[in-house]
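Okay, here we've got a single chain as structure tokens, the form predicted alone, with questions on binding and movement later.
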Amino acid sequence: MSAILLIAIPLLAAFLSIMLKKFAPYLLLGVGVFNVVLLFLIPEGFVILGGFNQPLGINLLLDTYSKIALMLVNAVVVVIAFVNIKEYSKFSSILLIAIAGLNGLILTNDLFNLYVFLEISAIAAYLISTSNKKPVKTFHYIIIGAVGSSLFLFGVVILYAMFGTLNMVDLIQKIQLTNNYSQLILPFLLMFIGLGVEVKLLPFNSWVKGVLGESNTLSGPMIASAYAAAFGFVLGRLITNLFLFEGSLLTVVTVILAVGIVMGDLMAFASNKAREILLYSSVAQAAIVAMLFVNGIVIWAVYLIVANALSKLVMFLVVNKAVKDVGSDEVNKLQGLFSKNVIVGLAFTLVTLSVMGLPLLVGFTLKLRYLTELASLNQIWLIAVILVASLIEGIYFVKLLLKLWYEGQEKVEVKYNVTFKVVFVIIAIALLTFGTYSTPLNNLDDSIDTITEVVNNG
């Protein structure tokens, strides 16, 4: 069996689901589970397509890094599909296309196909955002996304004109031989901004408020969890292996990310709407992840992507279900939400405390480790930025939790079914388990980042 099945099977199922509409949700769930199981069976390595060896042919790379990303993204989509199987069954074909696009993004080993899969997954995301029933905001998302994709493509075209190849391994080898770094600044910056649009980095994310601020139990978790994780891994792959951030470009990128961390948390602090608090928190977390990749702290950036994806999955499901039943996402209107939903409240609280980085939860372990790594790199001012942002984050999340736990004058009636509760409890227990037993997290240090190893080994 080959990694190409992770792309081909969802595409075939998407085609079949159009003809077999009644079975489309079951096709979606079956393909998602099949992909997760397949990842345990297929060997790591390059997959050569069409019989053309590198750098001429199209090829995929399945390594530890991409395998973690694929397991996370496919598992998250399965969970989202499962909890929405009745209400959003008509989006099953679109979710299958999204799976194919995101898997292709993570697996591809050449930049042109990365652009192709970027477009496929983006089109699926636009269609998913139509479930919000806010056409103007979806149109805005399309325009901003198209600008981001175009900038990424311009950067790719420039690199091809300079080096005559788009194969990642071949390109990395040729870039390492060049002595004229100034020529690489423009393509790298264009590609970084292009992906920054999708990763939700400030100031390139003007679409986020219109989409996640109006999201539901399908669009919110898909964009904030599955898509955010996939694009985070892709950005990390390029930052770690391809982009050379040096001198003034490194300064510009670092300042952009540092401002993004603080501004994201300040905007969350200033908001009185639950969905906006979560989306701006996601913006700040995305900037932290990118900052860790820029500083070469790969393993803890990977774990942070995983933790954020699981946390935002729970948080957006809880809040969007409540917003649907209450009819408002004003925090005051949701006051007392957990007074009659104790299990949901406990799970949401544990997940939130993990995002804040409190002890006994995985968020604390991750924050302690990556701050230690930054200290070893003498990045004291970055540590200060993250700590200040963490303080702001702690204040607005504690305020949110207090509101959701203590009843106000109006009764809030929201019912979560068993499926929702099981998902919330499993994820909360996982975050608690890896917060108290972190040994497994240390076992991947030497097996991440295979492209660089391939280049260095010739």
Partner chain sequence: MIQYAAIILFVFGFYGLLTNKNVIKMIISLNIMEIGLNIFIISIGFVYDGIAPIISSTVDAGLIYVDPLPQALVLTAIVIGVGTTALALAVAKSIYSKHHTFDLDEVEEAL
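Quick caveat, the model's predicted, so the values are computed rather than measured. Residue numbers count along the first chain shown, from 1.
Below: the form predicted in complex with its partner chain, not depicted.
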{"property": "Heavy atom of Glu119 within 4.5 Å of its partner chain in the model of the complex", "result": "yes"}
{"property": "His140, heavy atom within 4.5 angstroms of its partner chain in the model of the complex", "result": "yes"}
{"property": "Partner contact for Val136 in the model of the complex: its partner chain, 4.5 angstroms, heavy atom", "result": "yes"}
{"property": "Contact of Ser150 with its partner chain in the model of the complex (heavy atom, 4.5 Å)", "result": "yes"}
{"property": "Of Leu250, Leu368, Leu242, Ile123, the one that lies within 4.5 Å of its partner chain in the model of the complex (heavy atoms)", "result": "Ile123"}
{"property": "Contacting member of Leu189, Val262, Ile158, Leu360, with respect to its partner chain in the model of the complex [4.5 Å, heavy atom]", "result": "Ile158"}
{"property": "Segment that reaches its partner chain in the model of the complex - one of 278-286, 360-368, 74-82, 110-118, heavy atoms within 4.5 Å", "result": "110-118"}
{"property": "Site test, Leu127, Phe154 and Leu166 vs its partner chain in the model of the complex, non-hydrogen atom cutoff 4.5 Å", "result": "yes"}
